[in-house]
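In the form predicted alone, a lone chain appears below as structure tokens.
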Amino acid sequence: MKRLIFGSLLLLLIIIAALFLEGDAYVDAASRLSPPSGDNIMGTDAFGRSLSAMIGKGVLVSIAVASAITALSFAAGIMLSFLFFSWEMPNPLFITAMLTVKSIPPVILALFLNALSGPGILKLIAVLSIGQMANIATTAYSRVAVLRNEEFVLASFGLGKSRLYVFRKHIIPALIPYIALQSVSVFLSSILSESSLSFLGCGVPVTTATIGSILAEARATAAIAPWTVVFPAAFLLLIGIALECIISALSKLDTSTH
């Protein structure tokens, strides 16, 4: 529980800090690569922009993209679980379909689409959601396969309840703890994937700041202006630590209930 509280508070503080830092990133060309000071607490980048404002924008964009990917993956996982529960889809067919989707690396697919039509936030969200959807659906499938044969589920059917009612009343509440844990993992994976793709120039458009694009721009000046790398990398590290603490805590809670 302590890890869950610590991770949640740390993530909340990061978001609050990003909201506080986010603002007008333009300073002026004369302030290029200025070290941290009272005017710019994190210094400026190679274009004379306030690094703290850029990081604030980047953190918020990365979290927004990861949240959208997680929400889409969560919704798709629930829908696929309902299809499996309602139609009694054969096990080999469902597993084969999910493994096929998971075998396509979302990063490779994103690079392919970027080569065809350029970067874009919506394309990035759609592509990264595909692989994550399969992860959540596989987790939900394993639970649904067990739950649909439980006595309380069979009793509900015996009372004439519809499959939609049984799924909403009995299956979803039992799925939430498992999918919640998987969703946090998806959120962390999405932030790292988005940052990696943006670092390569294949994520969100270059006109939109993200942690990955900030680090990519800092490569050329890292030796003479290390703060341009240290601060964005520190924020990415803190996000990873916060989410790992939450995942670890949820895993222990999940284990303790069995």
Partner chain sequence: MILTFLSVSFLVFSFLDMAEGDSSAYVLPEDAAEEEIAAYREAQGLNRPFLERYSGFMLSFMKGEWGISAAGHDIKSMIAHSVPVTISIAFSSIFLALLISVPLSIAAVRRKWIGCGVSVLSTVLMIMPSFLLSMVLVLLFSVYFRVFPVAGYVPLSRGFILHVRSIFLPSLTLALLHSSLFMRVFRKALAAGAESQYSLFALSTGMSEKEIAVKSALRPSLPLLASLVSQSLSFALGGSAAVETVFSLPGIGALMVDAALSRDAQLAGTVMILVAVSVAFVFFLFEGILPMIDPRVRRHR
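Numbering follows the first chain given and starts at 1. Keep in mind it's a predicted model, so treat the numbers as computed, not measured.
As for the form predicted in complex with the partner chain, it is not shown, yet the points below apply to it.
The stretch among 163 to 171, 103 to 111, 142 to 150, 74 to 82 whose residues place heavy atoms within 4.5 Å of the partner chain in the model of the complex is 103 to 111. For a residue to qualify, one of its non-hydrogen atoms must sit within 4.5 Å of the partner chain in the model of the complex; none of 19, 156 and 180 qualifies. Contact annotation: residue 195 falls within 4.5 Å of the partner chain in the model of the complex, judged by heavy atom distances. Taking the partner from the other structure, the partner chain in the model of the complex has no heavy atom within 4.5 Å of any heavy atom of residue 125. Contact annotation for residue 240: at least one heavy atom lies within 4.5 Å of the partner chain in the model of the complex. In the model of the complex, none of the heavy atoms of residue 60 sits within 4.5 Å of a heavy atom of the partner chain.
If you take 188 to 207 and check each residue for a heavy atom within 4.5 Å of the partner chain in the model of the complex, you get 188, 192, 195, 196, 199, 200, 201, 202, in sequence order.
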